[in-house]
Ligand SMILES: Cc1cc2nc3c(=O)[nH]c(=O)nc-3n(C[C@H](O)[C@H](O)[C@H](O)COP(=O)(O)OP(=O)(O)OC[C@H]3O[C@@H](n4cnc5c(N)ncnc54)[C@H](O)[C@@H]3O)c2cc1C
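Below you'll find only one chain, the form predicted on its own, shown as structure tokens.
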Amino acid sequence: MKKIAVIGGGIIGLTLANYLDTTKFTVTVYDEGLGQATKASAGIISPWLSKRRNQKWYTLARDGAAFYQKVVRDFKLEPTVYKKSGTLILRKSQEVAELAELALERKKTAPAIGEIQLLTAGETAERNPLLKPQPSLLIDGGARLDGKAYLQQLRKIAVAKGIQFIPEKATVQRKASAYEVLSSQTGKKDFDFIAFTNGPHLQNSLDPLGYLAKVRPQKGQLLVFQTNFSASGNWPVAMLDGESDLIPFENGKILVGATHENNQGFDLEPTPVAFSDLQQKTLPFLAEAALFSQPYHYRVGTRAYTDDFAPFFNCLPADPAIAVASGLGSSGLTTGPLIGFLLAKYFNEGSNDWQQYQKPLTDYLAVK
């Protein structure tokens, strides 16, 4: 069988590994486990009301949200990992009405959006008791995903399939008829195919192969609170007016986040500044400030982002045995599984007609 190395065990890498045909490939995943964006994330799967001008990105996000129906079946995701909870969108009254019209328009090509309902202030507070009474828009098809739990589930499935995991940083060199992967403890191994799914580290990985990747690291911090709200698993998630989201999980676990820090490189230290920033953005929407006095901890990770804040993925034009994917930014939980599936389809079947989802690869990669 042919051998394939997946460099990066985040949401794309593990989805890709699990969709590869193990009757054709021996699969090895390299991941040192530091700063992984997926492991540090938990987010809202509800892209339909985005006003980004990049229609290719929207098409990818729309189809990525719908793709979760297959992901849930294939990987048997429990509600603690993924749940169609519904999404509350909080804006000023006039803006909420405008978003409702946009939602109805978008639903024509995105049936996964589900039911659309304008809620009164009282109805909003009933749906999520943490929130002040205020008008909102309920999108029934919205969902939540715990990125860390997703990776744990997919790793368990992959191990059962015989996929090997090497918890080390890997360097790839081109050889005459193969690719050599070097890691500190396991040494050198030859592979026929390589998939780089290591987010903001892609540039360092491609440098020895003669490519320049236009990706940068973005630090993201979120807060995980433990409360006594036993019914929190039944609440919809809330997209607040600003850059903060309120994400309830089972058994009183409440997540608030996340920050978008462009100048911190690969720093993974939690900061009081992040707590203060998220607190200031979230408190105006809460019924009371008590949430921020509950026991909590940070999740900190590093996202990859591009100049246009859009992902890219494909095989390298001059190296069709190498595939790359990066630039997920803050929409990685929505788009990552679909990208992983499409890359697996490329290796399994040779299909890579994805122009509807992204700009040309040359917008993000260049030969040095």
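Position 1 is the first residue in the sequence shown; the rest follow in order. Not measured: the values here are computed from a predicted model.
Keep in mind that the form predicted together with the ligand is not shown, yet the notes after this line are about it.
Using the partner position in the model of the complex, report whether I7 sits within 4.5 Å of the ligand, counting heavy atoms only. I7: yes, in contact with the ligand in the model of the complex.
Counting only non-hydrogen atoms and a 4.5 angstroms cut-off, does P320 reach the ligand in the model of the complex? Residue-level check for P320: no, no contact with the ligand.
Using a 4.5 angstroms cut-off on non-hydrogen atoms, would H201 count as touching the ligand in the model of the complex? So H201 counts as contacting the ligand.
Exercise: T59 in contact with the ligand in the model of the complex, heavy atom 4.5 Å: It does not: once the ligand is placed as it appears in the model of the complex, T59 has no heavy atom within 4.5 Å of it.
Counting any heavy atom within 4.5 Å as contact, can you tell me which stretch out of 168-176, 104-112, 72-80, 282-290 lines the ligand in the model of the complex? Comparing against the ligand in the model of the complex, the contact stretch is 168-176.
With the ligand left out of view, which of V324, L338, V27, A37 would have a heavy atom within 4.5 Å of it in the model of the complex? By the 4.5 Å criterion, the partner-contacting residue is A37.
Contact assignment for the ligand in the model of the complex, among L154, I139, A258, A195, heavy atom within 4.5 Å: So the residue touching the ligand in the model of the complex, by this definition, is A258.
Heavy atom within 4.5 Å of the ligand in the model of the complex: which residues of 305-338 qualify? Residues within 4.5 Å: L328, G329, S330, S331, G332, L333, T334.
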